[in-house]
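Okay, here we've got a single chain as structure tokens, the form predicted on its own, with questions on binding and movement later.
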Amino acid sequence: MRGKSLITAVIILTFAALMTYAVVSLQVFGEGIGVRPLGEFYLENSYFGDYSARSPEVVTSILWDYRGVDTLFETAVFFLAIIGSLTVFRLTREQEKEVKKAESTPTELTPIVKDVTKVIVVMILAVSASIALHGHLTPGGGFQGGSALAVAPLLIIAAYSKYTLEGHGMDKTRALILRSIGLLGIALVALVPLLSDGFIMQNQPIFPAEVNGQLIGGSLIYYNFFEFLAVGAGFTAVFLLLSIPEEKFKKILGVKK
């Protein structure tokens, strides 16, 4: 059964890779295919020009500047999806205590796996932060960095247990607090331009493009940071709930088989 699933996954991935290569080749090497005027505007004004976002990374400029309001609504949709998931799996404090008592000896993996996990978690934290904070310079951004960040607590849950993560201070409540801070930060950055007679989510010239000679892309680095925090914390909260064994979860809620 596992072998069939693996073969199916390989076939799907191979087909997806071939289709992606075909589409990219057609767009890059195809004859008579040019860049649309809107695309030319983005490419020419992402870093240079009067309407520049002051970022060499065109995709980030589009997401958080030229069509920033659309991205803001997408972030709100993701927030509602997380809230919906937490509502479905919600437990009272008494029920959470019962779940913890039911698993008094949580399953952990071998010492070798746990030691390797420690090293990998540190690497994930560094790489995910780099992806988010350099999103205005290189491919990446807040959502990509936050998704990578969420892998770290997932590994800890698998190698140790959810209680190890909670014992070190990262429980569902704190994850939701961090997520709320991220969303509040995005909202504040979006509204700051209104104080300077600008428009919502305006980048230049409201926010400085450089700090001590370091290019930060105006508001882009702030959006990426807060999105990084919100996405990583949101996924972590969901992982903590999904890591509760199904049998114990049903028993606590009184669900019959």
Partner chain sequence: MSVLFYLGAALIVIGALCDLFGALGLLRFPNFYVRLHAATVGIIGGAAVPLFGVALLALGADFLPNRYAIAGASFVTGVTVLLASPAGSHALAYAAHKAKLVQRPEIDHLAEVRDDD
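Source: prediction; values computed, not measured. Residue numbers count along the first chain shown, from 1.
What follows is about the form predicted together with its partner chain, which we do not show.
Review point. Looking at Ala129, Val113, Ile83, Ala76, which has any heavy atom no more than 4.5 Å from its partner chain in the predicted bound form?
Key: For this set of options, the contacting one is Val113.
Check your understanding: If you check Ile120, Val151, Ala187, Leu176 against its partner chain in the predicted bound form, which one has a heavy atom within 4.5 Å?
Key -> Selected residue: Ile120.
Exercise for review: Sort through 67-75, 168-176, 140-148, 121-129 and report the only stretch with a non-hydrogen atom within 4.5 Å of its partner chain in the predicted bound form.
Suggested key: Single hit among the candidates: 121-129.
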